[in-house]
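Shown below, as structure tokens, is a lone chain in the form predicted on its own; questions about how it binds or moves come after it.
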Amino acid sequence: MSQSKSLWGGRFKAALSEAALRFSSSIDLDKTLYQEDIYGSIAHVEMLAACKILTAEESRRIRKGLKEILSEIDSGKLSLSWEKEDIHMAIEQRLIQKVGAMGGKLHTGRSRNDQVALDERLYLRAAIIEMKKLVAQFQRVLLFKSEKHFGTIMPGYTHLQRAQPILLSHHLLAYVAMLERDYERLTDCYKRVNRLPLGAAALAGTSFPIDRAMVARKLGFDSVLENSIDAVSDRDYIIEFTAVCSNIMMHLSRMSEELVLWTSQEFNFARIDDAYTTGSSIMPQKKNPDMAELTRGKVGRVYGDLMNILTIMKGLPLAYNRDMQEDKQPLFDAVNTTRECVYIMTHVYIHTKFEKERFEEELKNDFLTATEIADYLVMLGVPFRDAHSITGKIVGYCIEHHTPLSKLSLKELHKFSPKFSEDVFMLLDPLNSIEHKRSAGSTSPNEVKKQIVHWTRVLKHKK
């Protein structure tokens, strides 16, 4: 493509080499933004007509041409090849072919710099809305599972070592709470995305008497970015969104790791339906939790997307620099990867069965209620540190004599403290242990019921 045929080639004499054009072309990526680009252009043209910069007839014909181009791209009739350089140029060139030189008036009062920033913000708005719906749906699935399995007791873990008895519902609701903060981050991010950059032009604004507020209203933006340099030269909204995606993926990875562990024969706490597992090409007995493993693996991609865009932006002077063209790959990848992982993990959990009998089996013959012994002594006036030491010695005694806590006699307990009475044995039962919890937000059945009621109310109001 010669410079004279490009929309910016007036001052150039030599043609851009094919190698340079291929290297600098972004249309393979930014063609994703064709709908946003056209919707933004239609709003821009309507504003130009309202401001008497274009005539009503010019506006009508240009808008008609843009809508036809939208249909052509939707249907695949219009080819978007690398020779077109970027989606903005491709659409404008096609418009000029359709309506003649009048199509060149489309770009009045704007630059590709503010145009691409607009396209990205429109794209991100839709992505955030969709992501919030997916996160809320995942929360509903986890809430449903917590209601279904209310009353199932499992070992709670710290350091991947069995620690205290908890309700499985309490465990699942912890992820509902984590995802709620991700939902809130998406909501908060949307506020900063939903600001209009168009009208900033290249960096200094425009001499045409445009009405940026009108365009903002037409496109549903909450406000206009006030500084024209800022409007075109930052991508912090992409950085923020990708950071939110990284946080969502981190939570999904933790959930995935647990499913990988829990579905192993060593744990056998859960079984995933065959439709969401795979087998081995050589070992016919295998059933692998591949969806969870792939989700865990894809976290690295989204973390990489975040580092990618941070690195692109870290050394750029104001205002726009061509480096910023590279923002689309990490943006699109973060959106697509996070969206796919939230969706697939939602369905994995829908099709996962938790093994109540296995949980209960692991509650036997262990020291999960040792903390209850320490708390029991504290309530009888023993300083906590002394109670902790006494209980530790009791556990050591049980290990040495191959005896579970629940099988100790009162006589044996008196070797460690005369404070013990028969009522201590009630606390050694896992169910009594969790029912004995008093603090708000604990694993006691009453507190978990409150959490279920709370999340039912919260999720009911989400679209």
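Quick caveat: nothing in here was measured; it's all calculated off a predicted structure. Position 1 is the first residue in the sequence shown; the rest follow in order.
This protein has a second form, the form predicted together with ligand ARG, left out of what is shown; the following refers to that one.
For the residues K328, K84, R212, R121, the 4.5 Å heavy atom test against ligand ARG in the predicted bound form is passed only by K328. Checking S26, T32, S417, S59 against ligand ARG in the predicted bound form, a heavy atom within 4.5 Å turns up for just one residue: S26.
In the predicted bound form, ligand ARG stays beyond 4.5 Å of every heavy atom belonging to Y175. Ligand ARG in the predicted bound form is approached by R322, whose closest heavy atom lies within 4.5 angstroms of it. Within this chain, H170 is remote from the site of ligand ARG in the predicted bound form, having no heavy atom within 4.5 Å.
Taking the partner from elsewhere, K145 is found to have every heavy atom lying beyond 4.5 Å of ligand ARG in the predicted bound form. Note that among 158 to 166, 217 to 225, 132 to 140, 106 to 114, the stretch whose heavy atoms approach ligand ARG to within 4.5 Å in the predicted bound form is 106 to 114.
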